[in-house]
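Heads up, what comes next is one protein chain in two forms, each shown on its own as structure tokens, labelled structure 1 and structure 2.
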Structure 1
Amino acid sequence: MATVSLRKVVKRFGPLTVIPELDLEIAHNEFVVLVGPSGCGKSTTLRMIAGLEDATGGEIRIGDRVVNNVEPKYRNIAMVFQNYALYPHMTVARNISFGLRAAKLPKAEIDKKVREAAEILGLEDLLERRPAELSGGQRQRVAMGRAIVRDPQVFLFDEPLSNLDAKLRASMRVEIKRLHQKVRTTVIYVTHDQVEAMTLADRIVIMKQGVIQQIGSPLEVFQKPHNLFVATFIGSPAMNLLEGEIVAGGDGPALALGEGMVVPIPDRPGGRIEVGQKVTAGLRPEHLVADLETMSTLPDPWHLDATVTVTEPLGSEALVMLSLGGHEVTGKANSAAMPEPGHPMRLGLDLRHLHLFDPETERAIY
């Protein structure tokens, strides 16, 4: 079983502690994405699993082996880097087979593995080309093929799509997802792009300053962020945040947002809130709706008046930046009925998706 287990793993560079203590369990055949801003420790964690960095403390297991003192080539892993690292003078076939030839496998076995990898990745017609004759996406597929032929227990991807343009990144995400479906093995993937994380992962591990902030499915971390960092990092555009205070409403607690704006708080299980408590309220742009057609589909939407400041057409819909009681917020509207900046607009708030956070601890409380 190609499980990966990190138990109380610590990494220091001299006096600097970049990962204070990390615990993570990854199941066999699971696709786990480590995501976070630059410097959060995600690539360092991946490199410790690969053996390219030594852990200062703790235990790393791949399958049933502790691999802390095992050299990378004996860990039965394959790594795909941001840099394709292809040999320019070799054909695609020889690049893919390089590790197998170094291991002195029989030629017939090497040819069989190369053909199988090429078929999986759609490289059959490119095997005699050299890297200079390939597109960026094709080169990345060659690098993936070199990993596949090793038949590893674990695939490690370190920001493999960062050098590609937006269109090619989208198509390569599909390729990687398809690869995991065909070659069922454990995948650990590092990226700073939350769109990659959301589209690829079975589970997402969100990191900040070497500490795991939340682990969960893409839907779980999007709908139920544990803290403000997760709430604003996951989702594009980012969640709207407004400072407010809990007040007594007619049918229960309500949220005062300043300048006379008071909205009800839906009755649902969650953290305890009290009248007079300061909170940070969060609503994603898709739950702050700025067109009447969509607003009519919301169950009991709460309406507020705002002023349009900036519009960003995105095709069938548009992002609308609005001034709302002294707050700058982002909503969504139908492009066909997009208002001009400076015009008033009625907003519908889908309060089923209201998030409340403690402004001091930044933890979710509701």
Structure 2
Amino acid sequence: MATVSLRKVVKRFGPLTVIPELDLEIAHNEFVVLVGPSGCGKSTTLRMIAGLEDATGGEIRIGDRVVNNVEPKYRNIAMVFQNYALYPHMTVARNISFGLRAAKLPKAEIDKKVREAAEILGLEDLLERRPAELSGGQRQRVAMGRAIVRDPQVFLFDEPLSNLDAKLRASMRVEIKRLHQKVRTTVIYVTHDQVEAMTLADRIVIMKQGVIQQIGSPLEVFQKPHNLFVATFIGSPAMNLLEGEIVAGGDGPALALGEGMVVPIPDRPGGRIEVGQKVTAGLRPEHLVADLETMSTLPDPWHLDATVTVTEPLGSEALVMLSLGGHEVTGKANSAAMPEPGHPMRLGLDLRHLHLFDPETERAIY
């Protein structure tokens, strides 16, 4: 069983505290993705699990073993680095088998493992090449091959796809997913690409300045962000944020967005809102709808007038920047019915997906 658990893990570099205190439990065979902005401590966390950095405090367990003082090679892990770190002076075959040779495995067994890994990754024809003679995607696969032959209990990936172009990244993403289905192991994967996070993860861990902001399935963190940071970090284009105030409406509380714009707040269990409270309202671009068919499903008071400022066609759909009661917001529109900049536009707000945050604590309150 390869569970991984971090308990009260602290990491300091001299006076700099990178991880104040981190708790994380990862289940057997789970695919967990760590995301967060640059410098938030994702790599540091991963390296502590790998044993490349010592934890300043706390406990790291892999399986039922505390590994704080265990050398990397005895931790049953394998790691794929962002820049692949393939040994340039060795052929692909030797790169893949390097660890096995260091462990003095019998030659027949090494050959068998290298062949298996090469087969899984489609590297059979490249085994005698050197890294300099490979494309980015091929290097990436060799790096994974080197990880696979170790038969690790835990795979660690540190931004493995960030050096690839968009197309290759998409196909390698699929390959990694397929690999995880084939070679069932626990995976901890660091990225700051949220598409990777959403598509690969069983659970996403969102970090900011060494502190976990939220842990949940991709859908959970997308639909129910715990705070403003998660709300704006996940989702592209980012969630629209509007400063407003709770006022008393016809039936129940309503949201005043300035310039006389007031929309009702649909009833939802668990909401903690009071009249008079200042709030930050969040609504994703896909929930600002312009096509008449969808709009007709929304109640009348959810319709508002806005002015188009800029349009960005993306092919099948278009992003529309709008001025809505003095706020700049982004919506999505069908590019067939693309509005012209400067024109007024009737807009439907899908308030079932409204988020409200306390501007002080930045926590979700609705």
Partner chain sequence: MTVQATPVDAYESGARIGLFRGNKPIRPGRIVMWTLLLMGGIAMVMPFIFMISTSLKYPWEIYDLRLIPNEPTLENYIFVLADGRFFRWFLNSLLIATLTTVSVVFFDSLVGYVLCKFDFRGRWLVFIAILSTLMIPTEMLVIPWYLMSQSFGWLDTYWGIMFPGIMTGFGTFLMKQFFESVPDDFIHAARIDGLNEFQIWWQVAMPLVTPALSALAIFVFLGNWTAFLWPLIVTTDTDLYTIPVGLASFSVEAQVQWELIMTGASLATIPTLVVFLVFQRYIIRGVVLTGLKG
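Numbering for residues begins at 1 and runs along the sequence of structure 1. Take the two forms, superpose them, and find the largest set of C-alpha atoms that agree within 1.5 Å; that set is the rigid core. None of the values given here were measured: they were computed from a predicted structure.
Taken from the structure described as the form predicted in complex with its partner chain is structure 2, whereas structure 1 is drawn from elsewhere. Relative to the superposed core, residue 87 shifts its CA atom by 2 Å or more between structure 1 and structure 2.
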